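One chain is shown next in structure tokens, namely the form predicted alone.
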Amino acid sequence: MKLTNNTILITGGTSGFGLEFAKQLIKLGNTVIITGRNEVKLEQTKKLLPGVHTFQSDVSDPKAIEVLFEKVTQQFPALNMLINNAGEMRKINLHDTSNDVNTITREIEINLSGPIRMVQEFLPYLKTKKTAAILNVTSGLALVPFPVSPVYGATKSGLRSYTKSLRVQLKNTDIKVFELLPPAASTPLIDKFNMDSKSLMAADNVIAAAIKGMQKDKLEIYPGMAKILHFLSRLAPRFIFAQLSKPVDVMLAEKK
């Protein structure tokens, strides 16, 4: 896919992968629009990237998505690409009674319902374009559960399944459906997990690999260690699941 002269909407664009997408896609000559919940962070991003366009919006709010669609398509009628990037990842101890029924599913609203609703809202518009694309950012953890973050893993597996189905249903359209499955990377998303920085892939390298993959029409993109995780999830699923389950023992010990 040609990644120049497009008009691209990125959710969650004030940090991490979203910010890197904005930086690199602007350099390639695209018009880039980002969303975020925090107006202050949007203003900071605007100062960092004067060429970016910003809208305050929350993907977990269906009404906000409807308003966003009206504003974006009116101001940027050439819109032809949607990148569903906004996400949240929490370490959750399911024994903890403070995780009430109103908050336990927060990641579902952001990570899964949000992208599905965004696609549903923008799809008819994207279908009118001669060239269009949707990229959903899932995770290497869509391939195998990460028990210390049970809801996050469930949302990313669900989004991966949805993305595959979306691709099949859009096969007779001009819309390409991409999936980025990043490995653990140096973004604010995992700051709370205290991971060894040496094991993390730089966010700019993840996005550079994503852009290169899209340019080559690779519909599923596995940067860095995600390639190995993809391989092991098929060759030795019990082994890799056991390795990813180890942090639970530490978490449970902390609560005793």
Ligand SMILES: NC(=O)c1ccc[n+]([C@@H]2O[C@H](COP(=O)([O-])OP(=O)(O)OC[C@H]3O[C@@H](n4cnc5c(N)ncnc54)[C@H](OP(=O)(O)O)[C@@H]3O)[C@@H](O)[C@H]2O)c1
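The numbering used is simple: start at 1 and walk along the sequence shown. What you see is a predicted model, and the numbers here were worked out from it, not measured in a lab.
Although it is not shown, the form predicted in complex with the ligand is what the next lines describe.
- Remark: of stretches 24-32, 227-235, 211-219, 38-46, the one touching the ligand in the predicted bound form is 38-46 (heavy atom within 4.5 Å).
- Interface residue remark: S60 is counted as part of the site for the ligand in the predicted bound form, having a heavy atom within 4.5 Å.
- Contact between V67 and the ligand in the predicted bound form is not found at the 4.5 Å heavy atom cutoff.
- Although the partner is absent here, I110 is a contact residue: one of its heavy atoms lies within 4.5 angstroms of the ligand in the predicted bound form.
- Though the partner is left out of this view, P188 does reach within 4.5 Å of the ligand in the predicted bound form, counting heavy atoms only.
- Residues V137, T138, S139, Y152 of 121-155 are found to place at least one heavy atom within 4.5 Å of the ligand in the predicted bound form.
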